[in-house]
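As structure tokens, one chain now follows by itself in the form predicted on its own.
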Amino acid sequence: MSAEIQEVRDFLAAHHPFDLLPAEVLGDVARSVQITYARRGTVLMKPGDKVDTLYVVRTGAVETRDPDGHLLARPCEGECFGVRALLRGGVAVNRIEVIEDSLLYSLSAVLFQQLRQDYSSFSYFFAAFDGGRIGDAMKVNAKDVDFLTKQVSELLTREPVTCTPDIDVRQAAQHMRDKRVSCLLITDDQGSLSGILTDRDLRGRVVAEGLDYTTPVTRVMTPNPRCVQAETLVFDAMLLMSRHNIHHLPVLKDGAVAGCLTTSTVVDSQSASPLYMAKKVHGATEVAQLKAVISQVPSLVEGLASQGANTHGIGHVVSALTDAVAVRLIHLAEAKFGPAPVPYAWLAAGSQARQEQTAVSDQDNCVILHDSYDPVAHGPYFKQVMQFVSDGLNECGYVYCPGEMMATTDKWRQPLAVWHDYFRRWIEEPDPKALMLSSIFFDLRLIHGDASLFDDLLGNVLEKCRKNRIFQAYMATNALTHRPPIGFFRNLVLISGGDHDHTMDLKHNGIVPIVDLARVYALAGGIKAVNTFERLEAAREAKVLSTDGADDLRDALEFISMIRLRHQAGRIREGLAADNYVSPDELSSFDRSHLKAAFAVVKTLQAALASAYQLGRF
């Protein structure tokens, strides 16, 4: 190999995605490279030109402008250009001009396409260049963690074993024996579920009580049992079984019985670590036991991330554990202070409500009380119950909210009528404080209590928001306050000075902008979903967001969140506290490139939102 070819190979090997190619292949690529010297002012391609070359900048710089003359990018040393043209049939759509005397490496279109075909990691790199999506790039190293993504229906391996209500206990037991099952689903003439009979029922309600075997099955079965839909996630089904200490869970599909999920089925097929944590939470009798379980969350997150779980699934698991702790504390409080004198609903706010927690954080919650609430007669009870729950959450690591957005604050523990008035004023009379509160309290989810209270409030609020274009515009303005850390030329904008010098805040400048965008789309569409991924999907279906926009934002959110999560997992492994400040130096060229693409997506959608609400220059 000549010195010149060696130099070309070494240069390519130092830049992504060529560093993904095997050494021998990289040597062949280096031999095929054509070297071109281009002087400043040279136009390499313009819209409509036939393009059969992929360029790599060795030294110098070029700039890309769209047909209207808008500057799109300035590729510099080690970066490629001409990609979009090659991925769109070999026809240029933009103008590319040399702005500094440059040395360029060029590969033929034939070689470029062959490398994409033969090496998937090389191909995925170019997903961000309109030939695919950021989400495609994430598939390079992605693995699946079944219990985060698998639906209950996927665990059903046999048809449901059912019988009608007119049989007796002996016939039921014989049927269970013959079918080799531990439970029997009782259905009516229309096939709807009426009850369930289990081995435990036969032991405890028949044999132990000395009942005659001709006893009707309806006398000993459990009527109207808890059940789940076929599309329910396995993790959520197991949380339900753990919370209520049940071992058989009927599964419905389109109103008909589809099967029965058992604890042993799930344990045999899944990794049960977070499920065991949930079981310990539901069985805890004191706060210290809850604290011991939640102390394992950082290790759980690190383990899930190392297994390749996506951030959507991890957020769901961590938030579900937070829900479980809150519910258990409420139960302990009611056992200590007695049942509630009037109906109420405990709501989570913020990242817990969105099911997007990836670590133990501060607590954001509130309570809706029934309008029959009497401050004098009922106030002391609810104050001590909420204080007990909030103190317990704090002891478990969910520290008190610095802004006191908690149910212990009198203002956020009010009757339904007061909450209606709160939201009416926030929507009809928006001001900076109202917008700040709206960003918190428009992300609410019922955790415990009377669902009708929350449903009443939510339905009214969403209808008001959907019809109020002025309020939407205020929320849109508020959503543009957090900008992605990317400059005009797609360079990363880093924090300068202080404790986080030369880093990016991936939470406030990466994830929060997408969360804010999704919230505006949800309000504009009257969408009930709170989770950001689900809001984007619902916004697409409601046609308040384009299909491409929804897909791009979902991909960007997952990619940015995964980079953040990997960073946090790395700090946990090193015994450090997790944070959101990521230096580009800790990222591969691959991750840096796609992070830029993700930020560019957010910036583009923010500009589109500003335009839609005529918010002026963005």
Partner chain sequence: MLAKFLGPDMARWVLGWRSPPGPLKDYYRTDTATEDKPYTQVEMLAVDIETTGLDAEKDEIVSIGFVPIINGRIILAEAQHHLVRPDGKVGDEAAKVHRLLDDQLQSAAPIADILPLFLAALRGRFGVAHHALVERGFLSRACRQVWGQKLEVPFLDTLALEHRLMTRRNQSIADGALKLASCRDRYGLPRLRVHDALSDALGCAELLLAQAAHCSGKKPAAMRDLLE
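Here the structure is a predicted model, which is why all the values come from computation and not from measurement. We call the rigid core the largest set of C-alpha positions that still match within 1.5 Å between the two forms. Numbering follows the first chain given and starts at 1.
One more form of this protein, predicted together with its partner chain, exists but is not displayed; see below.
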Contact stretch among 587-595, 28-36, 553-561, 63-71 - heavy atom within 4.5 Å of its partner chain in the model of the complex:
28-36
Partner proximity in the model of the complex: S611 to its partner chain, non-hydrogen atom cutoff 4.5 Å
no
Please determine whether T59 contacts its partner chain in the model of the complex, using a 4.5 Å cut-off between heavy atoms.
yes
Within a 4.5 Å heavy atom cut-off, is D548 in contact with its partner chain in the model of the complex?
no
Given that its partner chain is not shown alongside this chain, does D101 nevertheless sit within 4.5 Å of it in the model of the complex, heavy atom to heavy atom?
yes
Threshold 2 Å Cα movement between this form and the one not shown at G549, rigid core reference
no
Does A61 show a Cα shift reaching 2 Å between this form and the one not shown after rigid-core superposition?
yes
So, superposing on the core, is the move of L12 at the CA at least 2 angstroms between this form and the one not shown?
yes
By 3 Å or more, the Cα spacing of L104 and S588 differs in the model of the complex; is it closer or farther than in this view?
closer
Cα-Cα shift for S588 and E77, closer or farther in the model of the complex, minimum 3 Å:
closer
